[in-house]
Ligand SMILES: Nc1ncnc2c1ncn2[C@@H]1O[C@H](COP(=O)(O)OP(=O)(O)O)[C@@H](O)[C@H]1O
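Here you get one chain, nothing else, as structure tokens; it is the form predicted on its own.
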């Protein structure tokens, strides 16, 4: 049975894209069939996976130089294109990539767009896991992802906006659960870009998260390192770029923890 995970946070800069791409690659490396959906018009996951060499199946230039979308573009999932097909990145990993065109979905009716997306994603049941990388704002695109997701995965930094922001996000998501997707649940919250030292202020905010969200807090933390930026720039996962790094081990631990939680 396919398990769909939406990687969400209304706050930018918390590592949604880095986490989505690293998790997708590591799950695929374990032999799971994985689909990564870039659900953000900025296309950060798409660029992290492909760099400047984005396949024509996702976006292509016509003779007049105008860019148009291919059948592996996420926007096809909103328009219900019957022959939309994800791009095969590897034997185990496929991708629906994004482009600026996806921004037009923000102007569509949230219910129509959401149900189109939900229906198309649910047809992709040949995958073990579907990971949806979401943009940092609550609107049509994030709502659509939560309408189809079984689980929310929330990366966060340890700062003064974290607790309140996550509270608001979960409240909004539970409203979607009540009205549009009774299967939606919180898979976990994990701390990202954590200082490797025992910093008092981070300890304070981590305790606040534990007090508020308890068992939702995952054990794995991802620590800060310029190696993460370097790996993204080279379109590599942390394990591909530096398998001996602390961050490679941490993402491996995160995959194990998520697989345990999803059964």
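Numbering follows the first chain given and starts at 1. In this text the structure is predicted, and so the values were computed from the model without any measurement.
Another form exists, predicted in complex with the named molecule; not displayed. Remarks below refer to it.
J.: Tell me which of 201-209, 216-224, 49-57, 30-38 has residues with heavy atoms within 4.5 angstroms of the named molecule in the predicted complex?
T.: Every other range fails; the passing one is 216-224.
J.: Please identify the residue among 181, 193, 116, 92 with any heavy atom within 4.5 Å of the named molecule in the predicted complex.
T.: After the contact test, the surviving option is 193.
J.: Using a 4.5 Å heavy atom cut-off, state whether residue 16 contacts the named molecule in the predicted complex.
T.: Because a heavy atom of residue 16 falls inside 4.5 Å of the named molecule in the predicted complex, the answer is yes.
J.: Taking heavy atoms and a 4.5 Å cut-off, does residue 232 contact the named molecule in the predicted complex?
T.: Within the cut-off, so yes.
J.: Please tell me whether any heavy atom belonging to residue 12 falls inside 4.5 Å of a heavy atom of the named molecule, as the geometry stands in the predicted complex.
T.: Answer yes; at least one heavy atom of residue 12 falls within 4.5 Å of the named molecule in the predicted complex.
J.: Using 4.5 Å between non-hydrogen atoms, is residue 228 touching the named molecule in the predicted complex?
T.: Within the cut-off, so yes.
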